[in-house]
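The data below hold one chain only, encoded as structure tokens and taken in the form predicted on its own.
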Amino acid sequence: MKRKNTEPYVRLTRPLVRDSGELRPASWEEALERAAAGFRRTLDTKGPEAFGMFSCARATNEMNYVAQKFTRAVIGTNNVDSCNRTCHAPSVAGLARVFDSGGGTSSYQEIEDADVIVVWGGNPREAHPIFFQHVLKAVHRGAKLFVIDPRRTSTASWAHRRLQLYVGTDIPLAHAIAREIIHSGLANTAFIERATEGFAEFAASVEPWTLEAAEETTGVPAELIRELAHTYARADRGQLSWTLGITEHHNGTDNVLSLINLALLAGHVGRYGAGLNPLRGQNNVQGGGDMGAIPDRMPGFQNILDADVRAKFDAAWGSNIPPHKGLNLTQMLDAMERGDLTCVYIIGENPVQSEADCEHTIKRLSNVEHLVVQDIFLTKTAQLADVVLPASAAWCESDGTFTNSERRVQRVRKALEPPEGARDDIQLLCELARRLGHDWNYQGGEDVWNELRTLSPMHAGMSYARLEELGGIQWPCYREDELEPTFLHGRLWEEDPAKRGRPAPFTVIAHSPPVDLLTEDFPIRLTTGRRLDSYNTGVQSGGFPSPLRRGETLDLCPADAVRLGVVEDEVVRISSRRGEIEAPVRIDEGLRPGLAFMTFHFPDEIDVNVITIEATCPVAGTAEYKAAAIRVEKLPVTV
């Protein structure tokens, strides 16, 4: 199948401004003043809550710190977020609710030393290959790997057992595992009595989910559910990891909480080798949130509603931070549609192609009166902007730090100068702040980092020199002469109730199937994911050749292909309740009948988000990318 030709993205080296509906080249002075004037006009006429910031999960911690500071200290709103909203916001919400911290609880070394690893709703061999190397070391050492996913993925080929569940039935499966652990007398009662609360209500809630009931609902054989339950509960060191197959649902936070319930039940948290770990898909999703580029937390994951926390930052910044949560990315898009949010500053994000039901996103962004986009390419989002600012590539043209999925802060160093005409992200933010009356004088990333360390206790012990010396440090790190354990929440195992602190609550959760119902008109369940050689919307990875890459396809199982009368590489029409696209068929024996698979890597060729559904988790705001109902049709033969 020959792929459709698309124009490669060309690096931005000149600012652009919009006149008479068209973007034209401009000087830096004109572009920066045009951007600042729009912010100033919004503040004067509509106030700070009409402003929204989309920060960047691929940029450094330092850039994200300055971006959220710009939003709070210069503009005066907490409306700041990033693409964590499209992926792991439910993980942060669930973990923070139970443990007061949104980070994964273990180190990668603990993964290698685990006895049992459960990978739930993810394909790390392709989407998280570095993490998967640690899983493989554990498997080669003798650890048992259970993979739970609607597809039989390349990760599953390494599994001791694979549990191929129906899309959207994670909670019934988790409940059945919990019930089996309880009924078999395998629950860690000592841990439950000492460190948790709400067990009785939780145990009653899972009682209907017998192995047989779960088999009927999830499609997973009862004996496999039983084996997983017994193996996980009996393990000394059990690890439970998940990715977007858990979070990208209309009830993503409930899905996460159902997995946390299992860890509490078995006592697999707060000890070396036992943990709960969401796997981050971009290089700094964890760090962006840690730096406060989210609407409800200040840097260091400090609560925005805590008056003492706000007072500390106000004293340091000379600001007046609003005493309420801001809008998350999903809520900002809704506010654009209502006309409440009219000014948006987007750094390194491409929501036009990354958001579910993307035609709706385009309409909302087109409703904005002043849109500033700062990026390295003229993305589809940048093409809608009033001002485009050519930026540096954070991973190779900036000094700073990133924070990975195991909470390890690591240095990155400038290997290249940005091309002539492009400027560093932090310099651009500071220049706009100066034009709005805030003269920040950072000489480089280390100045920003040192300011953060004075305000975020969990980063206080991480100087650049120490990060260099130790090859990175996991948070929390409170002092420059100490390191904390590699795992979180060891307090739960303390004998002294005062040291143990707040109990970790079990959560009672109800099963809620996918919003987009299967019907005669839309009988196939489409789920989405990633492939090893490509990256998200393809803006950065699409410009490089790969021998593995064949472009977007609609993956079907052999039986469905026969039933539909289609063959490999045949282009078909794919329709949902929101729109339709065309794509070539790829036969995948890892799919079960009634299940199809696509990615988001090639939106300039085939825009899959035209047909995905934006039903969102009410807690986290993440859309149900994993469960659209579709119809597949043969195209008429053209002569």
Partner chain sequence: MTIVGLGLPRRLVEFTVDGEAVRVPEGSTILDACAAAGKDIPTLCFGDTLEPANACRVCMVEVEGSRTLVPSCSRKAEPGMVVRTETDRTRLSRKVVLELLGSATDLSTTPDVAGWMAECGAEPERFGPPAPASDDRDDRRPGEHEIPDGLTAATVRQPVKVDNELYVRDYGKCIQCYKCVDACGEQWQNTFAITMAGRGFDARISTEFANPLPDSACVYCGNCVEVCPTGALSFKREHDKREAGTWDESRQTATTTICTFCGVGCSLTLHVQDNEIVKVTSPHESSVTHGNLCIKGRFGWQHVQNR
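Residue numbers count along the first chain shown, from 1. The structure displayed is predicted, hence computed values, not measured ones.
Keep in mind the form predicted in complex with the partner chain is missing from the figure; the text below concerns it.
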*When you measure heavy atoms, are 99, 503 and 621 every one within 4.5 angstroms of the partner chain in the predicted complex?*
no
*Let me know the one among 317, 478, 493, 395 whose heavy atoms come within 4.5 Å of the partner chain in the predicted complex, would you?*
395
_Contact assignment for the partner chain in the predicted complex, among 226, 161, 137, 550, heavy atom within 4.5 Å_ = 137
*Exactly one stretch in 218-226, 506-514, 254-262, 375-383 has heavy atoms within 4.5 Å of the partner chain in the predicted complex; which is it?*
375-383
*Report yes if any heavy atom of residue 636 sits within 4.5 Å of a heavy atom of the partner chain in the predicted complex; otherwise report no.*
no
_Using a 4.5 angstroms cut-off on non-hydrogen atoms, would residue 530 count as touching the partner chain in the predicted complex?_
yes
*Decide whether residue 545 counts as a contact residue for the partner chain in the predicted complex under a heavy atom distance cut-off of 4.5 Å.*
yes
*Give a yes/no on whether residue 272 approaches the partner chain to within 4.5 Å in the predicted complex, heavy atoms considered.*
yes
*Which residues in 221-249 have a heavy atom within 4.5 Å of the partner chain in the predicted complex?*
234, 235, 236, 237
